[in-house]
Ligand SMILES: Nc1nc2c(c(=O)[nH]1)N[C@H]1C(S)=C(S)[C@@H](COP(=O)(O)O)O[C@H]1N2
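Here you get one chain, nothing else, as C-alpha cells; it is the form predicted alone.
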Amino acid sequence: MIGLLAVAAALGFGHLVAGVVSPASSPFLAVGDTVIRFSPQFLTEFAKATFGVADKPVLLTGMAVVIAVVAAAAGLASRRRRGPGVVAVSVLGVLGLAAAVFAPVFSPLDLVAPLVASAVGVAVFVGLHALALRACGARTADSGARLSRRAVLVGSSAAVAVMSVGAGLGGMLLSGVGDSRQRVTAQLARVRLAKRAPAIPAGAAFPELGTPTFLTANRDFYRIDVALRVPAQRAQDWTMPIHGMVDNPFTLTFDDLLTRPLVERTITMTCVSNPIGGDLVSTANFVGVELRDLLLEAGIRPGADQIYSTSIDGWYTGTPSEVLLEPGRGALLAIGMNGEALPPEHGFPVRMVVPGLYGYVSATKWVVDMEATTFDAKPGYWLERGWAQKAPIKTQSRIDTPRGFATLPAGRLVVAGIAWSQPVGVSRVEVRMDGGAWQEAELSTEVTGDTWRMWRREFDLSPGSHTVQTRATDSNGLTQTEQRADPIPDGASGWPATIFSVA
C-alpha cells in the first residue's frame, strides 16, 4: 500500500504542477507520449486495428497497471528497509524526467513537474515507511497495548489518497481552455462570413436506412492522433509563423485570422488507417481562412515542395505545396467546426483542413508553425515511419446496412451506405448480391466533390445466407479497385463486402 500511495502521490502532484507551468510535462502523460513515439510500426497499426479510437485509453490503462505492479512490488521489497522502495520510486521519477527532456518540444519549465513528482514520491514513501515501522514496535505509554498498525496505515493512506486525487484533478482543471472556446464561439457567431457552405439538401443522406447523417456531430467526429493529453492553448495566446523558403515571412495571431475573410466549407475527412468498410471518415462544416491566400502572401519560393507544419505538442508533417497552392482546392486554416469553435480534441484554437488528402499529411491539429521547405530536408512524422510522401484519398465505399451477420426477414431488402472520393466526388455506386451482376445504386443529392455521398439499392431475396459487395466510381470515371491493400503505406483498397442472412 505504501508503494502504491507514494507513486500515486508523485503522479498526482506531478500532474498538478504540470497543469500550472507546462501541461505537456505531466510525467505520466510524457512517458505515454514517449511510448507512442518509439513504438514499432506493427505495434501502432495493431493498436489502431484492434482498439480503434480507444487505443489511447487502453495504453494509459496498461501503463497504470504496469506502474501499479512496480509500485506494489517495491513496497513488498521494503518490508524491512526502505532502500528498494526509494530506488524504485526514484527510477520511475527519472523515467518521467527523461520523457519530458527528450520530448519533441522542450523548455526548462518542463523539468519542474517531474522533479516535484520525484520529490513528493520519495518523501511520501519515506514518511509512510517510517510511520509503519514505528507502528510495528511502538507501545502506548498508558496501556502498553501495541499501536494499531492498521489504524496508522488507513489514516495516513486516506490522507495521501485524498491529496493525490485532488492534485490530479487540479492539474486537469488548470489545463482547461473552456472560457477561451466560448469566447471564440461567440466571436464566430458575430462574424460575417465571406462565403458560406451551401445548404445541405434534404436528399443528401438516408439516415432512416442506416447511413450516417450528412454532417457528423462534433462529439461523433472520428479522432486519430498521437496526443495522449489534448493540448491546451488559449486562442489569445496563439501565434503561428510562416517562414522558411518564402519571400515575405510573417507571424499570425488569432486576432489576425478573425480580421481576414472567413469562409465556410463542407468537407469529408478520412484517416489513412481506415480499413475497408471502416468508420474513420466524417463530415463537418469548417470555418477558416484560405490557406492558399496566406501562402501566396508569404511568397513560396520555387523548390519548396512541402509546407512543414508543427503542432503545439511537437507532432509534425509535410503537405505537398502544389496541393495547397492549387486554385480551388479549398485548403483551410480552420478555427470553427459545425457552428462553434474547434473542440479541443479537434485542434482548438487552429488546425489545418485540406480536402482530398489523408489526414496524416494534411490535417495538423493545434498547429503553431508552418515552414516552406523540402521533403528531403525535413521528413514528416509518419513519413519517417514508412508511410507515403503524398497521400491522395482513394475512391472508397462502405456498406452501412445490413450489418454484418444480421438476420433479416424475407422479402424486399434495402442495402445502403456511403462512398467518397475527395476532391472530385462520386458519380456512381454499384452493388452486387452473391457474386451476380453489378447493379447501379440510387445516389443521394450531391453536395460538393469534397464530401461523401450516400447510396441505396433494393433487392428481393430468398431465405439463406447472402453476401453483398459494392464499388464506387469517381467523377473522372475511375472505379474503386478490387485489389486489396492494407492501410500502409498510402491507404487501404478493395471492395467491401457484408455477409448476412434472410430468415
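Since we're looking at a predicted model, the values are computed, not measured. Numbering starts at 1 and runs along the sequence shown.
A second form of this protein, the form predicted together with this ligand, is not displayed here; the remarks below concern that form.
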Residue-level contact is defined here as any heavy atom of the residue lying within 4.5 Å of this ligand in the predicted bound form; does residue 95 satisfy this criterion? no
Heavy atom to heavy atom, is residue 378 within 4.5 Å of this ligand in the predicted bound form? no
Using a 4.5 Å heavy atom cut-off, state whether residue 311 contacts this ligand in the predicted bound form. yes
If you check in the predicted bound form, is residue 364 within 4.5 Å of this ligand, heavy atoms only? yes
Just one of 79, 223, 234, 292 has a heavy atom within 4.5 angstroms of this ligand in the predicted bound form, so which one? 223
Have a look at 359, 75, 355, 320 for me and say which one sits with a heavy atom within 4.5 Å of this ligand in the predicted bound form. 359
Full three-residue contact with this ligand in the predicted bound form, heavy atom 4.5 Å, for 271, 315 and 351: yes
Tell me which stretch of 364-372, 199-207, 126-134, 405-413 has a heavy atom within 4.5 angstroms of this ligand in the predicted bound form. 364-372
